[in-house]
Structure formats: structure tokens, C-alpha cells
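Only one chain is given next, in C-alpha cells, and it is the form predicted alone.
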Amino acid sequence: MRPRAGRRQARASRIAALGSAELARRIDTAVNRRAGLTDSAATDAVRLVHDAADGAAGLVIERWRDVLVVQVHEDRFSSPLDALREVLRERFDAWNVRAAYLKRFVRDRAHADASTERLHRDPQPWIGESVEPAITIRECGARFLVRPYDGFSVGLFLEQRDRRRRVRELACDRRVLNLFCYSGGFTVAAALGGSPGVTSVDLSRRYLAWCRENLVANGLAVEPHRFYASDVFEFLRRAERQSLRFDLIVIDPPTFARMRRPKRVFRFADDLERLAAGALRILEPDGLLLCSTNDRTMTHERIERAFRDAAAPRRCEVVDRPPLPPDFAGDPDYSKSVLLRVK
């Protein structure tokens, strides 16, 4: 234990030693690496600084059209916030942004104190002028509503950008199931790709309403699609009883979640095998399944083994391991994704 603690202390010391000039240099270097993405007419939502992969441990900066969201992971980022604020303020004109919202990422978000909650829902930004509660961003030609001061997350996970595009390419004429759908990023991708009907499942009715808004933002009709406010495992059992079947299933769960109805804890690492078994019982022969996770302890091999075991005696083959987009380069453990075909 002692060497590990020593490494943490040494790392904290190195981070604290970053002066304003060095912090600015690392931010500028990271932003310049993403010039091809930020100059794209089709996409205006990009991760500008990605933590230790960009030499800025504990710091994440995302650009959502003309708004920055700055994540500070307090157990790892030790540079003065005033210095960071000034570095960003000096770049507002060059970056053509109008506001920056600060997110303080504590170790246990479920027990964040009241001041952190207020900060994340305050319309007044950390830097710049207040913006509307929801702004529309572009991603590979699709449109999504994001909410810069709606809690820890804004409504879309940028690491899934290329995977959403992959689902769009695969969805034509396929019945698609989107589990843990959140605000419906994969739902929109599948609908734009020509799915005759996407079924979206999430415990939160609010997120399902957000999902519908995102469909409308893309000029898509809501009516062909179905929305279930349900625990995923309850939905899978009900779908099997009702003989519902799907040609493409997307599973993008949280790593960990405390649920009130039903009252239990979801852990991807503990629930993976049960999730795989339930999903495969309603996947059509020769169907496709995309499973993603941001659990750093999870491996591709563990995910694939869980689905192969659940599929037996059907054959389960790996079609692809879709990589992370370029703005997440240098951090392959951040998120894993596996695309499977089950005969």
C-alpha cells in the first residue's frame, strides 16, 4: 500500500507544480491537436482537453457549440482554479465561445453536497454570459439538445460519437432496442439510419422526454418509436414474455447506479452476465449487439466472454471493437465497445 500512496503524492505534487504558463501551454497543445474536429462543419461538440492523456490530469474541457464545460476532478487536479479561469478567459475571443460552466467532480457524485448541486444548476456561468437552458449542437450531421447547467452531465457522451455513427450505418430496416437510453443519442442515430422503430428504455421519464425532443430536433416523427420508463431487467423479462424481438440491441449502461424504484444498486461488473443473458433472449438470429462501458476495470475479453457464454449454443462472433474518437486518443481504457453478431 505504501508505494501506491507515494505515487499518488508524487503525482499530486507534479500537478500542483504546474504554473499558469505551463497550464496554458498544455491546454493550447491539446486544442491544436483537435483542429480538424473543431473546424468541422458537421460537428461542433468536441472534447478539447482530455485529462492526463493531454498532460492535464484531473482536467477535462468540452466544447458544445459556443459553450465550454470545464470538469475539474478534485482528487487529481491541484492547480489553482483562478489560474485556470484566467487562461480560459484569455482564449474566449480566439475560440469564439461565450460562456464556460464549471463542474466539480467529487469522488461520490451520489452524495455531492448542496453547494456542488447548486453550482451545477446555476444559469450564471463561471466565465462569460448566461446561455439558454438548452442549446442545439451538431454531430456528424445529427442534432442534439444539450443542457450546460443540468447537473454533472449535459445530455450527451462525446466518447460515443463514432459508435453512434456506426449504429446509424447499421440501423436501416432493423428493429432497434436502446437500453439505458439516457437522452437518446443512439435512438436518434438509429432513427436517422432508417430503423422502422426504435424502442428506448430508461428508468427516468425525464430522459425519455429528452429523447423525444432529440428526435424532433432532427425532423423525425416520434410516433413509430416506443419509450419505456422501466428498470432494464424488468423490461427484458416483459419483452421475453411478450415475444418482442429485435435485430440490433445497444447496451450503454452506467458503471454504477443507485436506483430507488426498484431499490437496488446496479454495477456493470456484477450485472454483466445477467444483462447479456436477458438481451440475447430477445435478439433475433443473425442479430447485432453493441455493448459499451466506461468501466476502466472492464476488458473487451470479459465482455465478449459474457455474451459468448450467454449465447450458447448459438454462435457469437466479434464483428468489431469500435475505437474511441480522436479527441480521446491516448486513453484506450476510458471506454470500451464491442459489436457482436449472434447467429
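Keep in mind that what you see is a predicted model, and the values were worked out from it rather than measured. When you see a residue number, it is the position in the sequence shown, counting from 1.
Missing here is the form predicted together with a small molecule; even so, the following discussion is about that form.
*Asks:* Taking heavy atoms and a 4.5 Å cut-off, does residue 83 contact the small molecule in the predicted complex?
*Replies:* No - in the predicted complex, heavy atoms of residue 83 and the small molecule never come within 4.5 Å of each other.
*Asks:* Since only the chain is shown here, I'm wondering whether residue 248 would be in contact with the small molecule in the predicted complex (any heavy atom pair within 4.5 Å).
*Replies:* Residue 248: no, not in contact with the small molecule in the predicted complex.
*Asks:* Using 4.5 Å between non-hydrogen atoms, is residue 126 touching the small molecule in the predicted complex?
*Replies:* Result no; residue 126 lies far from the small molecule in the predicted complex.
*Asks:* Using 4.5 Å between non-hydrogen atoms, is residue 252 touching the small molecule in the predicted complex?
*Replies:* Yes, residue 252 is a contact residue.
*Asks:* Given that the small molecule is left out here, which of 131, 232, 239, 88 has a heavy atom within 4.5 Å of it in the predicted complex?
*Replies:* Comparing distances to the small molecule in the predicted complex, the residue within 4.5 Å is 232.
*Asks:* Scan 180, 268, 149, 210 and let me know which has any heavy atom within 4.5 Å of the small molecule in the predicted complex.
*Replies:* Answer to the contact question: 180.
*Asks:* For the chain shown here without its partner, which stretch in 114-122, 198-206, 239-247, 72-80 has non-hydrogen atoms within 4.5 angstroms of the small molecule in the predicted complex?
*Replies:* That would be 198-206.
*Asks:* Is every one of 42, 95 and 144 within 4.5 Å of the small molecule in the predicted complex, counting heavy atoms?
*Replies:* No.
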